[in-house]
Structures are given as structure tokens and as C-alpha cells.
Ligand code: GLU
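In the form predicted on its own, a lone chain appears below as C-alpha cells.
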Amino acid sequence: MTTGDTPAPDSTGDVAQDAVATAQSHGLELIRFLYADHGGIIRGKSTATGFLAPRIASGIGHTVAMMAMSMLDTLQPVQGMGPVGEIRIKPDPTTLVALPYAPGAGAMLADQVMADGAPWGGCARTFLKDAVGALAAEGYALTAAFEPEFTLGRREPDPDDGPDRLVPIDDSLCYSATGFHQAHDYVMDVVQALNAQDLRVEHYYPELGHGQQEISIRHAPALRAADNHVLYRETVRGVAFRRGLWASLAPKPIADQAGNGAHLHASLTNVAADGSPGGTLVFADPNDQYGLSETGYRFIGGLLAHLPGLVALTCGTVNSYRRLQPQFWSSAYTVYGMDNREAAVRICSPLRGDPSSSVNLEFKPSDSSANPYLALGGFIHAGLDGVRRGLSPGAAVNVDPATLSDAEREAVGARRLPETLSDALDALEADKLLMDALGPLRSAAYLAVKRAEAATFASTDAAFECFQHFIRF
């Protein structure tokens, strides 16, 4: 320890030193160490920039109990996640960004580790890292992007003395120019803030629901894609708060409006020597009728085989299942198809003449109330299982499965997705592959947290449920 109040910085390597220098050059005073919990909530602690170097090395102390906390801040009884025990929130210095909507503040995405630096069995980000490692061991790397929708409005008191309501900023039509005009100033602030964090914006448009927006960012390697989604969620909400608005990524913040998804787009390549995605497009086969390789079909086969349990991770709240309904374009059946937006897995056609465009898979039963590390990690484990076991997804379904008869759906293997969070959790608990991948501590905590949420909302009405979700996601 040096004299004075500042601990002597540990030797944290060039990356950590670069992060400190970047924080200082941007005039940052506080750096948030962010993580996603089992309730899907983004949480964290912050350090003063003067202490950033040693905190990168050591992390910030944190109770193990926080990963047993529900989205309603009720602590669940999980062995190993009680009042006794300490972990560290240890940031990844390569993820440092200045937060344009929070002047003087920056953020890093963080792992949760033991006091000696070893991985902790309750960390969601580590779960995704392990999934990426499992892919790499088979010679693959995944590139992904979440495609989020959110509702922009104002939080207002209910005139009937119920919970506060989210009142949309507009009542415009899907893709309408009116929607562009009414959300323009806010959207431009968000676009600039995302680009400033190197979350490269590709598309924007007003969506189907009143006040509903969709801003898509560029794909990235799997871990970075999940990190990006955490920063995205924080950005759209943070910009709204500074403008006196409210932005919600909840699946159904308003019960009678269109739901907000976060469709997951993914493609597979070979893995380069440094672990990054290589140049071989594993999903692509120009000789196939849909342009998809045998490995791509097997990956889909794994997704469909594990889909009932997987949605417990990708659609992680009670509110999610208001959105997963037939003919809501969110998917409701275990089918895949070519450019079929009612299928759970859509084969996306590449853009002709664009050498950067390639076939990719869109996973539709996914939303922003999920922990993105658990969602993407579960997606990888399910798809990789299909590749390893050579699972066939059957024939593509290129019609809306809701228009088929029961017999026709049975013939093509179109089974209804779980209709409640409780049903999805039952399927997850019965899925040995996903449970083994999660591990004993993580799976126990996730099931306990989510079952507690399901029990609480089972005795409440839609207004209470939508309120509790729109204020948190």
C-alpha cells in the first residue's frame, strides 16, 4: 500500500492500463461494473476512476445472494446463495465504454468470480464463455446479434388508481413516416449514443405497436453480442430518462399492444487461431434449396429438440408468454422455415449481390427480459447438441402453422411452445443437456428465482404484471 488514500495498482496488463488511460482521457469519474442476474435485471456497482486499476485486478466485493434475487427484489432460498459468502464483480477491461447519456460515467461488463479469481458457478457471463469454448472445441465460432424492439412513452398515473401505466409517445402505424417524425429527436440521441459505444447501428424504423421502436445493431462474436445487448438495454432506457420519457423493452409492457421481441440472429463459422470467427461460412451451402448446409440443418435440429426448455432461458418472464401466441409473428410452434416469420427458427435469405451477406438463422422466441448470457449460451448448447448428434429438423414448414389442422401440425412436428413460464421451467428442468450445461448452482438459482416470479404473478392481474415489467426492462 502506498502512502495516502489510493491503493497501489496491481499489475493488470496492457489492456487494463489502456482502460484506465481511456477513462481518464474521457474525464470519467465513475465506472459501472455491470452484470445480468437470473431475474434478467441489469445490476452492478461502480468504482471511482482513481481506483480503477486495482479494481480491475481485484473486482468489487459482492454478496453471493444477489444471484438468488428475483425481478421483484425478493431473495429466494438457494443453497450457496445466502447471507454467508462473498464473490467479486470483476470487469472485463476490453469492454470499457463512456456512457454518452450519463456524463462522467463509464461502464464495463463484468464476470462474477471467487475471491481467488476462479470462475464462480453462479455467473451467467461465464456460462456463455463456456458455451463459446464448447463450440471452439468442435472447430466453430458463433457470430450473433439481438434484434430488440422497445416501447417509447411516458409513465403516468392510472386514472382508476391502479398501477402506473406506460402511455405510448404516438399512435402511428407500422413503419409510418409519422412514427419517424414523432420519435425523431429521441431516436437520434439513441443512435448517436450507440455508435459512440461502438454498437454500430444498422437499421431503424417505427414498429407495429403504438410508440414501438426497432433499432438494430451490427452482429459480433457471441460474447460481445451479449455484452452489446446489455449496453443496448441500458442506452435506450438511459437516453429516455434524460428526456423525461420512459423506454421499455419488456415483452408486453402494454397488454393490448404489440409485444417487444429481441430476435436472435446467428451464423456459424470456423474458429480462427485466436478464438475469433474465421472466414468459412459453416451454415452456407449454395447447392441447397435454402442455401443452408447440413451442419445448419443439424443445428436447427438441436434447437427444435430443446426448444420447450430453451424458451425458459430466452423468454424468461411471466410477461414473455403474453407475446408467444399464434399469429403474433413471435412464433408459437416448434417448426422452422425459409423466411417464415411464424416459425420458431427462420432461415434468413442472404441479400444477392452483397458479399458480406450470408445465410443466418433467426431465433424468434426471444425477448429482452431474458438474461442475454443465459439465452445465448443455451442457444449454443442446444444447437451444438444437434450438430454432435446429427439431429434432423424434418422438413421446412413454409406456411403459418396456426393455419394447419391439428393432424397437419402433428405430421410436420409442430408442437405448441410452452404457454406459461411455469410450463417452460418444467421443460427446462426435464432437459438434461441444458441443466447439465447450467450446472448445479446456476440451475438451482435460476429455477428458484423464476418459479418465485411465476407464483407471485399468478395471483395478480394484467395491469400489475405489465407495470412491474415495464419499469424493470
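Note that residue numbering begins at 1 and tracks the sequence as displayed. Quantities reported herein were computed from a predicted structural model and do not represent experimental measurements.
Below: the form predicted in complex with the named molecule, not depicted.
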Heavy atoms within 4.5 Å of the named molecule in the model of the complex: which stretch among 255-263, 196-204, 84-92, 70-78? 255-263
Residue within 4.5 Å of the named molecule in the model of the complex by heavy atom, from Ser368, Ser248, Ser330, Thr269, is Ser330
Heavy atom within 4.5 Å of the named molecule in the model of the complex: which of Asp285, Asp400, Glu214, Asp130 fits that? Just give me the one. Glu214
Does the named molecule come within 4.5 Å of a heavy atom in each of Glu149, Arg341 and Lys364 in the model of the complex? yes
Using a 4.5 angstroms cut-off on non-hydrogen atoms, would His381 count as touching the named molecule in the model of the complex? no
Would Arg323 sit within 4.5 Å of the named molecule in the model of the complex, counting heavy atoms only? yes
